[in-house]
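Just the one chain here, laid out as C-alpha cells, in the form predicted alone.
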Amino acid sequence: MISQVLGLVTLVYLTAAGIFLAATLWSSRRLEAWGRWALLAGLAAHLGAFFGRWLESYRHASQFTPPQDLGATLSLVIHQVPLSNFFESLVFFSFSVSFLALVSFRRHLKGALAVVVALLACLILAYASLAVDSSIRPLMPALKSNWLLIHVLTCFIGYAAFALAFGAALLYLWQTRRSKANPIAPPPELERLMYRAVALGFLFLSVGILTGAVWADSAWGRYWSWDPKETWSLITWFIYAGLLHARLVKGWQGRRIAWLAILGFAAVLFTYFGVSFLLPGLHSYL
C-alpha cells in the first residue's frame, strides 16, 4: 500500500513540474498557483506515506519484541522511525526538498526554480521506488538509539537545503550565459536564494555532525572514528564553510559562489551515494 502511495506521489510531483513549466512558458499566475497546490497535495500524501511506513515498521518490530509497558512502547516507536535504511532515507530526502521549498522558500517558488524543485523531489522518489529495496528489516543494534531521529532529520534537511542551493546555482549560471531579455529567473533573486539555502543547510549539517558524534560515542565509545561517511561529511562541511567565508568575508558573489554551491552539492552526493556504495564502513546500511 505504501509503495503505491509513493508511486502516486511521484506522479503528482511530476505533474507539478509540468504545471510549473507551463506557467513559466505562458507567464500564467493561475497555473503557477495550481502548481503550488499540486506540490502541496503531493507533500501531504508524501507525509501520510511516511507515517504509514513508520506504523508498518513498528508493527513489524513489535511482532518480534512486544513492548511490555508504555515506556517500552514509546522507545520502540522512536526507534522505528523510517530513516534507518537507504530506501527510507531517500523517501525523506525527497520529502525534505519539497517541504523546504514550500515552507522556507515559498516566495521564491515560481518559474524555472519551481520546475527544478518539483523535478528534484520527483526524481529522488522515483529512484527510491524503482531501484531500491523497500523491505523492512530488523534494526542493527547501533540504530536502536534515540539519537537516530534527530541526527538523520537534521542531516537530510541540510541536504535538502543544499539541493535547493544547487538548483538555484544551475539556474543562475544558465541565466548569466544567455540573453538578459526574458530571464528565466532574476539573477539577484537566485543569488540570494543560494546564500540563504546554503546558510540554512550549513546550520542543519553542523547539528547533524555534532549529534552524530554524540550518537557514535554512545554506540561505539568514541566521538569520531574517521569512518568514510564521517570524513566526507566533514569535507562537505568545509566546502560550505568556505563558501560562506568567501561570501561574507571576501565578498565573493555571482558565478564563483554558484560554482562553489555546485561543488558542495557534488560532495553531498558523494557523501550520500558514493560512500555508501564504494567505501564500506559503519554507515554502509544507507
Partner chain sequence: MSRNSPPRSLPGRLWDFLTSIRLTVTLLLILAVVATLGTVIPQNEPVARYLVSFGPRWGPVLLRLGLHRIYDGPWLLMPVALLSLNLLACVIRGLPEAVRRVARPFTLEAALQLPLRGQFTLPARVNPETAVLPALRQELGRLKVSNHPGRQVYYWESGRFRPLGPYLIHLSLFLILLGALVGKFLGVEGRLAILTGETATEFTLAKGKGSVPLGFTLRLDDFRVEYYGGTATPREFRSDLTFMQDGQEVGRAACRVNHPVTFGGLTFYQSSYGSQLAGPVRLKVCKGQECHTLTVGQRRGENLPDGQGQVMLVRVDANFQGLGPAALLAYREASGGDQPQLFWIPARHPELARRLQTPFYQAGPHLFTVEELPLKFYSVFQVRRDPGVWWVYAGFLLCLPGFVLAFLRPSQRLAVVLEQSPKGHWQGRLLGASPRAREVFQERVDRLLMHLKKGTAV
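Numbering follows the first chain given and starts at 1. Computed from a predicted model, the values in this text were never measured in an experiment.
In what follows, reference is made to the form predicted in complex with the partner chain, a form of this protein that is not presented.
Note on the partner interface in the model of the complex: the residue among G254, P67, G48, G242 having a heavy atom within 4.5 angstroms of the partner chain is G242. The single contact residue among A72, I78, L123, L203, judged by any heavy atom lying within 4.5 Å of the partner chain in the model of the complex, is L203. Although the partner is absent from this view, A199 contacts the partner chain in the model of the complex, with a non-hydrogen atom inside 4.5 angstroms. Although the partner is absent here, L149 is not a contact residue: none of its heavy atoms lies within 4.5 angstroms of the partner chain in the model of the complex. Residue contact with the partner chain in the model of the complex: W259 places no heavy atom within 4.5 Å of it. Among heavy atoms of Y223, some come within 4.5 Å of the partner chain in the model of the complex. Here the marked residues K144, D217 and K250 all reach the partner chain in the model of the complex, each with a heavy atom within 4.5 angstroms. Of the candidate stretches 125-133, 161-169, 188-196, 83-91, only 188-196 contains residues with a heavy atom within 4.5 Å of the partner chain in the model of the complex. Applying a 4.5 Å heavy atom cutoff to the partner chain in the model of the complex picks out W226, P228, T231, W232, I235, W237, F238, A241, G242 from 224-243, in order along the sequence.
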